[in-house]
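Consider the single chain below, provided in structure tokens and representing the form predicted alone.
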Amino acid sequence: MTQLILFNVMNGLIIGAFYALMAIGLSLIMSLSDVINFAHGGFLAVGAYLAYTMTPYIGFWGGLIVAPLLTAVLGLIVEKFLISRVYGRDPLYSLLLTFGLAFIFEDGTRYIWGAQSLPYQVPGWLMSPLSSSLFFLTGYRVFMIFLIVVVVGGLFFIMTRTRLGLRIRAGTLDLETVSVLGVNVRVLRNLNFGIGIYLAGLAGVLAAGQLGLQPTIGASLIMPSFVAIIIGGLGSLTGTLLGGLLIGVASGVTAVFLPSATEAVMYVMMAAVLLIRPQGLLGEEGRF
């Protein structure tokens, strides 16, 4: 029983890390641009399929580096020519636009790469268990956790120690004042959107190695990512990270005792947080 619980906790931690990486990107975009980006899962799928396509030519490590960057470039283009046109309008416009983009991405990946599941090749030595007793603890899982920690740590450094990060943080509080002070808000929003999409692309590449490739890979992760933001608190990157890990581990533990409720438990947690602390666990306005 102990090994079973540890196995499911590890699985939950891995899935929770995907949720957190997705949710942090979503939170960045929502906080600065007031856009509920339902296409975020579509960008994740694009990143995964780009890595799959490039891996035979540049290897696993090349795909891991290049695919998220190309996904971020695609995000910059989409933001410049589509998303930016709905800024300042009723939020329903951005919601419908990104909802439509999500279907376009999903059908596009299905048309180009097919509807069937595809295996994503990870170096064999990374897939080996680290010990015979903890057979579920592979090098790839440890590597994923390590990389996500490094990337999130780098993001926190950018947000707290660089001029771009400070401008983004200020923009989430008062974008009009930031504009008056001479900051190009259009460029700021574009770069912020690109950072959020980069995180989605990276999550896609990592998830492909763990979950396999299918056109709906992004759709299966998008709603839990929104739940992570609500539980952690919009505007708090620390809270969003915590929210993603919490729902992942909670789902993993629930799978041991009540497998049919593995998805429902995260929504129960969300409802409880909304009732007790509507702003989320760490959701103080403007906090990063």
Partner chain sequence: MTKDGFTSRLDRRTLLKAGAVIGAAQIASPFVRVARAADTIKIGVDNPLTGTYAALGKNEGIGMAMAVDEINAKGGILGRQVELSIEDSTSGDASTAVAKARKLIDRDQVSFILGNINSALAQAIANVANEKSVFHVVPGGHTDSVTGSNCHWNTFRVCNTTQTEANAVAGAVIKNAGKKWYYLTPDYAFGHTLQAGMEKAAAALGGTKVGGDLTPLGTTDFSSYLIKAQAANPDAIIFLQQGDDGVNVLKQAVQFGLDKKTHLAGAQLELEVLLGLPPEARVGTWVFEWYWNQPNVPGVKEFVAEVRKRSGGHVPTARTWFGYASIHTCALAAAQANSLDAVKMARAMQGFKLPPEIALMPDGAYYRAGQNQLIPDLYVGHPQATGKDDPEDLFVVDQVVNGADVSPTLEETMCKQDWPA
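Computed from a predicted structure; not experimentally measured. Residue numbers count along the first chain shown, from 1. In this text, rigid core is short for the largest set of C-alphas that superpose within 1.5 Å between two forms.
One more form of this protein, predicted in complex with the partner chain, exists but is not displayed; see below.
For residue 119, a non-hydrogen atom is located within 4.5 Å of the partner chain in the predicted complex, even though that partner is not displayed. The partner chain is not drawn, but in the predicted complex it has no heavy atom within 4.5 Å of residue 238. In the predicted complex, no heavy atom of residue 190 sits within 4.5 Å of the partner chain.
For residue 262, a non-hydrogen atom is located within 4.5 Å of the partner chain in the predicted complex, even though that partner is not displayed. By the 4.5 Å heavy atom rule, the three marked residues 127, 132 and 209 all count as contacting the partner chain in the predicted complex. The stretch among 103-111, 154-162, 182-190, 195-203 whose residues place heavy atoms within 4.5 Å of the partner chain in the predicted complex is 103-111. Note on the partner interface in the predicted complex: the residue among 245, 64, 50, 255 having a heavy atom within 4.5 angstroms of the partner chain is 255. Note on contacts: among 173, 142, 115, 166, the single residue with a heavy atom within 4.5 Å of the partner chain in the predicted complex is 115.
Taking 2 Å as the criterion, residue 270 does not count as shifted between the shown form and the other one: its C-alpha moves by less than this amount when the rigid core is aligned.
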